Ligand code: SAM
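Taking the form predicted on its own, here's one chain by itself in structure tokens.
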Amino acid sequence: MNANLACASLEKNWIEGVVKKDEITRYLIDGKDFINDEKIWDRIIGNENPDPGRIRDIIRKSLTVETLDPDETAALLNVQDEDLWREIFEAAGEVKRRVYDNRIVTFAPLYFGNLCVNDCLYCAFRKDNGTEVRKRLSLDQVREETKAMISMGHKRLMLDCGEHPGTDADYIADVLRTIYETKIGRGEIRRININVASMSIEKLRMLNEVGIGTYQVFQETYHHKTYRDVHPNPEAPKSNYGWRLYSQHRAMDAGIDDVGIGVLFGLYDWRFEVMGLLYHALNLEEQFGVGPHTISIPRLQPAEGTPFIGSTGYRVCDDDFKKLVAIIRLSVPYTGLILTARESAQLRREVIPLGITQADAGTRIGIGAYGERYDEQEAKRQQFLLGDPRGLDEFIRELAERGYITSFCTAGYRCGRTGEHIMQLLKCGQEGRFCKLNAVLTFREWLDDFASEQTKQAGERIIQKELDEISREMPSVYPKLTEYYKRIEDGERDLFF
């Protein structure tokens, strides 16, 4: 047997062992999953032409940080009146402020491999895309990428890769260890979230022991037929709808209590997908007592060698994108909402006030792109094209000028404020108190260690505003905060509440 045939045989055997059917069926109810396509459309159609008074009642419910039910979300999806939309947008921003204050968490994705056994029609990493230049980073290259990201000022990463035996859980564990071990002066990565393939409970338990933050998996689309259509290879693991749908359930059973969900808007009707996200959140709450820690809202973007993107009939326009962001914020008010650099800088400026809590910046999505000099839009080794290529310093400066404080805090995860604990704190508005204190401390660190002079000046103004608020609203902890603040100014790092 030649080398190519041997590799193909090993890959085939690996693929056959990925999906564990009993780790799907254990979560089914009467043999069915929790997404009922017909029922979702019945809800959407059945709530057409909602009464304005009802919409305002739904808004008031959201302001109490209570999850909406499917009919309430469907009613919001059917709003046509522009005045009501202005009220929805305003309420979405207010819900965000009540739960998360004026903080924005930043991160950056690290793509460490584009090898893939799947053939997702919308993705440049798909196996049959012959234009993609395939690469998997060595651990030494991961270390160099990490050093480059630390030098930019990043504190938290999102790991991304294709699904392949070469980037399986054992390799991901080695990548995690390598990143956590890498330090440059006072800089380090303090939290690593992962956005990787659906895995078994056993593999997820192993990764949890190594140390991951949020385990994030996008369903891509909740519509069953569309899911089958865009994942045409029946032998590929990702073609199994149920295996993908219950990724977060298995993570919870593996001991990972912070999970993220999301869809790729543009594969199917955005209203249906919003309902799917809500049903997913409700099912997690019902089965585990904890909803998703984050919801991601990427839109379909052009990608090298991926003609499908030009033929889908469900591309989401900017106006509808703003609407879906606001509705998700009201429907699942406690969850973090992630806006990525897929979107243009201008659109991100318009969308962040509608309830966004996390955004990436200084993003490079090519394999090995942080440690090398190359054209940011080089298409043949990245998954899609970026809309906002701005650096971290510029992005943070703009946030500060618009009244947001950038938080690099990871204290909650090290103090046990995760899972059900953090959800209760978020719902009652208490988590924001801890985060406000830690945002000031971590932003002070970042300004001193990484900021340009212009960004530092903008950041100083925000920090002073935060300190003034804390002195008025939390006088009992203000002396301790000022002690920590002075110690950070004198060179100490990683002090937190």
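The model shown is predicted, which means the values in this text are computed figures rather than measured ones. Position 1 is the first residue in the sequence shown; the rest follow in order.
This next part talks about the form predicted together with this ligand, which is not shown.
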inquiry  = Just checking whether Asn195 would be counted as a contact of this ligand in the predicted bound form - the rule being heavy atoms within 4.5 angstroms.
reply    = yes
query = With a 4.5 Å heavy atom cut-off, would you call Tyr180 a contact of this ligand in the predicted bound form?
reply = no
Contact test in the predicted bound form: His249 vs this ligand, heavy atoms, 4.5 Å = no
message = Can you work out whether Ala303 and this ligand are in contact in the predicted bound form, taking contact to mean some heavy atom pair no more than 4.5 Å apart?
response = yes
note = The stretch from 184 to 192, 322 to 330, 170 to 178, 120 to 128 that lies within 4.5 Å of this ligand in the predicted bound form, judged by heavy atoms, is 120 to 128
message = Is it the case in the predicted bound form that Arg103, Glu350 and Arg390 each bring at least one heavy atom within 4.5 Å of this ligand?
response = no
message = Please tell me which of His280, Lys155, Lys96, Arg299 lies within 4.5 Å of this ligand in the predicted bound form, judged by heavy atoms.
response = Arg299
task = Go through Phe107, Tyr111, Tyr334, Trp270 and name the one with a heavy atom inside 4.5 Å of this ligand in the predicted bound form.
result = Tyr111
ask   = Which residues, if any, of 253 to 287 lie within 4.5 Å of this ligand in the predicted bound form when only heavy atoms count?
value = Leu264
